[in-house]
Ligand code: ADP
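Okay, so here's just one chain, in structure tokens, the form predicted on its own.
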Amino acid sequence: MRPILLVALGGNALIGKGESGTVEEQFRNLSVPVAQIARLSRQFRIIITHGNGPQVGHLLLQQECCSQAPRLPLEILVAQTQGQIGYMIESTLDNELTRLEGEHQKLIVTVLTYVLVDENDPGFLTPTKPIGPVLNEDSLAKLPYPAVKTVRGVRRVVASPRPVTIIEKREIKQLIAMGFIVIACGGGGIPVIRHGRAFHGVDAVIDKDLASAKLAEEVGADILIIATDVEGAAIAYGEPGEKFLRRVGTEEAERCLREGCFAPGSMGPKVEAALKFIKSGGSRAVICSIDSIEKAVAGGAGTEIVR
């Protein structure tokens, strides 16, 4: 059978720098990675995961601007963005496959996915995950929620517990075996905790790259591609001594993570996710730019974590 390729799309796959995030912009931006995924589907069984930071941030802003509708908890907003972005990816992929193959026979499905987290995870005590648009620094002291300065600017942060397991992993694995292109773990998945036999949603956002690595491990993916807005992982990113890495061994990657070489909340989790996937038995893990997914799969672009 064809190998399984999991492509984790960053938020910039839909909303580019300087854009407001209109539906038209998001569909246009999606055509770049999705056209590559359509071509790769000839060689691989495909799983697509995606971020939702800008989209869930916009939903939060809309709630804050309207006092006449009841506010929804964050896990419900994550579920909404899974449906929203899943639809956009599905329709874009269907169009690209039609353009590529005419009347194509490929099956595409979006799986509403929730992810188990530990209710005692320290991430609940210290919010670190940036979501939403860049905020005005002058209004930082007046914000009703925590915010931090990131490489992109000041952004809201929320709790980001680590994924324990993907609840729908068996269903996703079966769909892949049946030939479906599966879109799953949108926005890192809907975070839930378990009380007895029941699941309960929690107010948090799971890092989509760590959730993608966990899903890739649990369904037996062969290759993990983490697509973002830069060409790969870099030492001293944005500084005069900036150096992009091409191939990094697991020991060097672990050392760099310990020494804080990669920004937490952005490149750090991507390197950690790639490292975890390789250490769990995955064949290849590459961090690359959105427009070089095919080249990264072929070994000609991005930062690859190697044994």
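The first residue of the sequence shown is number 1, and the count goes up from there. Since the structure is predicted, the reported quantities are computational estimates derived from the model, not experimental observations.
Heads up, the form predicted together with the named molecule isn't pictured, but that's what we're talking about next.
- Task: Name the residue from Val32, Leu40, Leu257, Ala263 that puts a heavy atom within 4.5 Å of the named molecule in the predicted complex.
- Result: Of the candidates Val32, Leu40, Leu257, Ala263, Ala263 is the one lying within 4.5 Å of the named molecule in the predicted complex.
- Query: From the list Ile166, Ala227, Ile85, Val78, which entry has a heavy atom within 4.5 Å of the named molecule in the predicted complex?
  - Reply: Among Ile166, Ala227, Ile85, Val78, a heavy atom within 4.5 Å of the named molecule in the predicted complex occurs only for Ala227.
- Message: I'd like to know whether Tyr237 contacts the named molecule in the predicted complex, with contact meaning heavy atoms within 4.5 angstroms.
- Response: Flag for Tyr237 set to yes.
- Message: Lys208 versus the named molecule, in the predicted complex: is there a non-hydrogen atom within 4.5 Å?
- Response: Contact with the named molecule, yes.
- Might Met267 be said to contact the named molecule in the predicted complex, defining contact as any heavy atom within 4.5 Å? It does: once the named molecule is placed as it appears in the predicted complex, Met267 has a heavy atom within 4.5 Å of it.
- Using the partner position in the predicted complex, report whether Gly232 sits within 4.5 Å of the named molecule, counting heavy atoms only. Yes, Gly232 is a contact residue.
- Which among 208 to 216, 179 to 187, 157 to 165, 115 to 123 is in contact with the named molecule in the predicted complex, heavy atoms within 4.5 angstroms? That would be stretch 208 to 216.
- Contact check for Gly10, Lys17 and Phe244 against the named molecule in the predicted complex, heavy atom at 4.5 Å: Yes, each of Gly10, Lys17 and Phe244 comes within 4.5 Å of the named molecule in the predicted complex.
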